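This document starts with one chain, in the form predicted on its own, laid out as structure tokens.
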């Protein structure tokens, strides 16, 4: 019996991405296993979103390679990759009069094309996505009439309708209030648990990332600085180095997840 660990779903090997003279991602290597939630954190301009775009086949690296399920992603057609990997940018756009259901149906394009007749499998995928995102009552509503949280769940439904093995999200909680942030992260955790969906996302909020992710990847200056569990990555020393901030790290009383609290200073009279 072979006791070796299964091959990673995603392999990033020595990836570098340059924009002119500026190196946005510098010789980064990373592995993501099936069923993991991995959050990429770091200060603005550290290369987080560029790395995510390289994994999502949105930006071809200038050096190194990315493999998905053992295959170089640039030797796979964009349509085939879209059948297995869903990518949601920070601010996705669609016509404002498009309904929730119509948006979800767009997730089936990689499987059936624009003009092919819908199959039973297509309808099942769309209905399941709408149901899992809690959008049954909103399915006929135009996107323009939705709240920020509802609209983000509609985009998640589009991604789920693709029936992906990997979901890539660029700062999915940006522009949402705290209630909708919690709702969205709970949805992502539930999809990971129920579907076994592998998720890689760029996160701005360290506490949220630490609470929902199995692993954190911290970047600075285009390089991967540390990769580990939330408890290993989120320490006062490491966060101070990453963000140039003085912080205290506490532990959530129930989950034990680290919570970053900015240090306070007393001002004299």
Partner chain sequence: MLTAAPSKRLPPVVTIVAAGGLLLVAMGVAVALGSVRLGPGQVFDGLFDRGDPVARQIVWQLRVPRVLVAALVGANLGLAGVLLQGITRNPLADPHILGFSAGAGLAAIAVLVIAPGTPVQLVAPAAFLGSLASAAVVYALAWRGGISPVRFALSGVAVAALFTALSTAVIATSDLFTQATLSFLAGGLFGRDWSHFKQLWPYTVGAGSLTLLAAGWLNILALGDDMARGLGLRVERARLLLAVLAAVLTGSAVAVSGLLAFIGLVVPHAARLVAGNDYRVVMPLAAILGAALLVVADTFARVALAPTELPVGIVTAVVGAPAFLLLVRTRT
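For clarity, every value in this text was computed on a predicted model and none was experimentally measured. Positions refer to the first chain, counted from 1.
Unshown form predicted together with the partner chain; subsequent notes refer to it.
is_contact(residue 123, the partner chain) in the predicted bound form, heavy atom dist at most 4.5 Å: No.
is_contact(residue 53, the partner chain) in the predicted bound form, heavy atom dist at most 4.5 Å: Because a heavy atom of residue 53 falls inside 4.5 Å of the partner chain in the predicted bound form, the answer is yes.
Touches the partner chain in the predicted bound form: residue 196 (any heavy atom, 4.5 Å): Because no heavy atom of residue 196 falls inside 4.5 Å of the partner chain in the predicted bound form, the answer is no.
4.5 Å heavy atom contact, residue 150 to the partner chain in the predicted bound form: No.
Stretch in contact in the predicted bound form with the partner chain, which is absent here, among 172-180, 125-133, 93-101, 186-194 (heavy atoms within 4.5 Å): Only one stretch qualifies here: 93-101.
Members of 68-90 lying within 4.5 angstroms of the partner chain, judged by heavy atom, in the predicted bound form: The stretch touches the partner through 78, 79, 82, 85, 87, 88, 89.
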